[in-house]
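Shown below, as structure tokens, is a lone chain in the form predicted on its own; questions about how it binds or moves come after it.
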Amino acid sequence: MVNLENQQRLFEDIGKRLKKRTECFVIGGSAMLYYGAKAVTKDIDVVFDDKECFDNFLKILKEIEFKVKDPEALYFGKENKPALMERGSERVDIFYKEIITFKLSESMVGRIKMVYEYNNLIANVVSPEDIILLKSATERAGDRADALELIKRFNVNWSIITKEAINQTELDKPLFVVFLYEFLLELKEDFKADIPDEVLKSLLKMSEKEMVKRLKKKGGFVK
């Protein structure tokens, strides 16, 4: 398990070793640590939108004795899996541009208000709304509990959630809205999360539209 102090210490170590300015986007439980919404997290989750920065970050992790691990056990059957690195009880999941069914978007980057500099490593912490969106994409153990905690702690702007769902379909991630709808529906029904009904209705409508499109493309839709 990793707390905020551990995470920052690792980022500082990496930042000192990087030879050029390197930007990453902190997501998941790692981002929740900065918001004080979580005390510890199982892994450090980061995303890169630049391949050279992604490669340099991996290189530094190997230099400080992190070992490459197969991500299939944690992300079985999922697309766009991260590079997985481990050192003892520390694990880092490193994504490049796409996070399972979600694509790092300009709108997501534009919502970032929390930035930390660790020498040459610049850590951009995504918004609470984007943490929730990405929790629905990764759908790992504990993601629903984390999303519920964010909904309880923050005044979630649900307009951001629905607009980003639309944006992801335009970025050729049509199935994201389906997973998002199912994720939020379960949160509301099973975890009693305070999610507006109109948000779920809007996402359901989008989901049905995308599923019809998918069936038509496969030739399985009959009027």
Partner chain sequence: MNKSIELVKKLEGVQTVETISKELNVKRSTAINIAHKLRKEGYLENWMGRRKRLYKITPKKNIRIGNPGFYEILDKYSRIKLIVPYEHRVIGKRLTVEEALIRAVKTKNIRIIIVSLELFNHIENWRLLSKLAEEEKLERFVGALYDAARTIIKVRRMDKRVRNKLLKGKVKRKHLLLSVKSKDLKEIEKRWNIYLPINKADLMMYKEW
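Computed from a predicted model, the values in this text were never measured in an experiment. Numbering follows the first chain given and starts at 1.
Omitted here: the form predicted in complex with its partner chain. The next part is about that form.
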{"item": "One residue of 53, 193, 178, 33 in contact with its partner chain, assessed in the model of the complex (non-hydrogen atom, 4.5 angstroms)", "value": "33"}
{"item": "Proximity to its partner chain in the model of the complex, single hit among 84, 104, 151, 100 (heavy atom within 4.5 Å)", "value": "151"}
{"item": "is_contact(residue 117, its partner chain) in the model of the complex, heavy atom dist at most 4.5 Å", "value": "yes"}
{"item": "Contact flag, residue 159 vs its partner chain in the model of the complex, heavy atom cut 4.5 Å", "value": "no"}
{"item": "Any non-hydrogen atom of residue 4 within 4.5 angstroms of its partner chain in the model of the complex", "value": "yes"}
{"item": "Residue 12: touches its partner chain in the model of the complex, heavy atom cutoff 4.5 angstroms", "value": "yes"}
{"item": "Which of 87 to 95, 138 to 146, 67 to 75, 108 to 116 sits within 4.5 Å of its partner chain in the model of the complex, heavy atom basis", "value": "108 to 116"}
